[in-house]
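One chain comes next, on its own, written as structure tokens: the form predicted on its own.
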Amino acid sequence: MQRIRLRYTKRGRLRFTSHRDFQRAFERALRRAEVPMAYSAGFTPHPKVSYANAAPTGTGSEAEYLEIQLAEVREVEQLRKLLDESLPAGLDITDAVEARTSSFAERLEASVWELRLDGVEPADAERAVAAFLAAEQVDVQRRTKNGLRTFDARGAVIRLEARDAAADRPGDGPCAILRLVVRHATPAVRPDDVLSGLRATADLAPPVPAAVTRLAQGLLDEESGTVTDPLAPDRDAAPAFPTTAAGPSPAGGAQVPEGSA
């Protein structure tokens, strides 16, 4: 059997797609693309798909990941294109590699988020960020199925910066952009938790809901605070010539396709 790891996006209005809705759309795409999926055993077999750390409903993402298991070998880039064509625009398959290493979920150590705060002066955002980072602990509350939970939103934040969005959209009123790097922890600290922390420490309250997008997720470089591509280890472990359904490509054959991440 062959395992393929995919990177996909949630863009535009499809940021409001729930994880369950995406699962249904992806399973339809597998059927349309005639992907030879491996199935689980039992009375109700399901295609073998593993989802990893999905973004909350309502947030956009450029870096969602999943893994599929095939019953037959397929050329990876051709499979990516077929699946991408079978999904609605906004749910885009942007990268694919054959799985050659284990413990993929463990590589998703941190995420990079962009928060667009329309109506917020950049100077106010910078002051709020400074107050948040200066605090040793910032307690916030979130309602869960088990009731109201209080936890620290500061400890998981590796980096938080504010900048002016005027260069992107001049003349449209004040707008601040926050760039957030947050470690994946338990309980998970989400962008809205950090916004709650900014309100608690500096009374920063955007007049409209923030537009939130995950830009990346993967291994965390502790020294630089950057997040690296989680598919890179699989790509680095690939042989000089890719394996296809017809076997290894000979010298001078098809080149190894480059990912778009």
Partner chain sequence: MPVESVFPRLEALLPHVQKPIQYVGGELNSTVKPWDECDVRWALMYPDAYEVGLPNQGVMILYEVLNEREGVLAERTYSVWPDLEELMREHEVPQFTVDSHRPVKAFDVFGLSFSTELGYTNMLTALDLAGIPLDSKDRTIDDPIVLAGGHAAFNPEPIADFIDCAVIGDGEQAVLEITEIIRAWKAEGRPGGREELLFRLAKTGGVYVPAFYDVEYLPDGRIGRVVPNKSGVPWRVSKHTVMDLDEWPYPKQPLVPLAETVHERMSVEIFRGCTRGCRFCQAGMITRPVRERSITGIGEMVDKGLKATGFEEVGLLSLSSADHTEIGDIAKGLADRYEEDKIGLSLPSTRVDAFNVDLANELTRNGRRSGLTFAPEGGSERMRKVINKMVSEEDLIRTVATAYGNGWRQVKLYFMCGLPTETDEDVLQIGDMAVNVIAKGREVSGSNDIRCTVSIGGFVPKPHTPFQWAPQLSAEETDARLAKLRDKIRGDKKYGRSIGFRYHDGKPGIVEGLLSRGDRRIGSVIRAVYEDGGRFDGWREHFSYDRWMKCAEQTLPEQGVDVAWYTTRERTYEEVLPWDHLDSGLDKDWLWEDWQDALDETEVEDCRWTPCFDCGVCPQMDTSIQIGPTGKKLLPLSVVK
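Numbering follows the first chain given and starts at 1. Please read these numbers as outputs of a predicted model, since none were measured by experiment.
We do not show the form predicted in complex with the partner chain, though everything after this point is about it.
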Which listed residue (78, 86, 101, 94) meets the criterion of a heavy atom within 4.5 Å of the partner chain in the model of the complex?
86
Among 226-234, 33-41, 60-68, 190-198, the region lying within 4.5 Å of the partner chain in the model of the complex by heavy atom distance:
33-41
Checking a candidate spot here: are 16, 21 and 45 all in contact with the partner chain in the model of the complex (at least one heavy atom each within 4.5 Å)?
yes
Heavy atom to heavy atom, is residue 25 within 4.5 Å of the partner chain in the model of the complex?
yes
Pick out the residues of 203-219 whose heavy atoms come within 4.5 Å of the partner chain in the model of the complex.
209
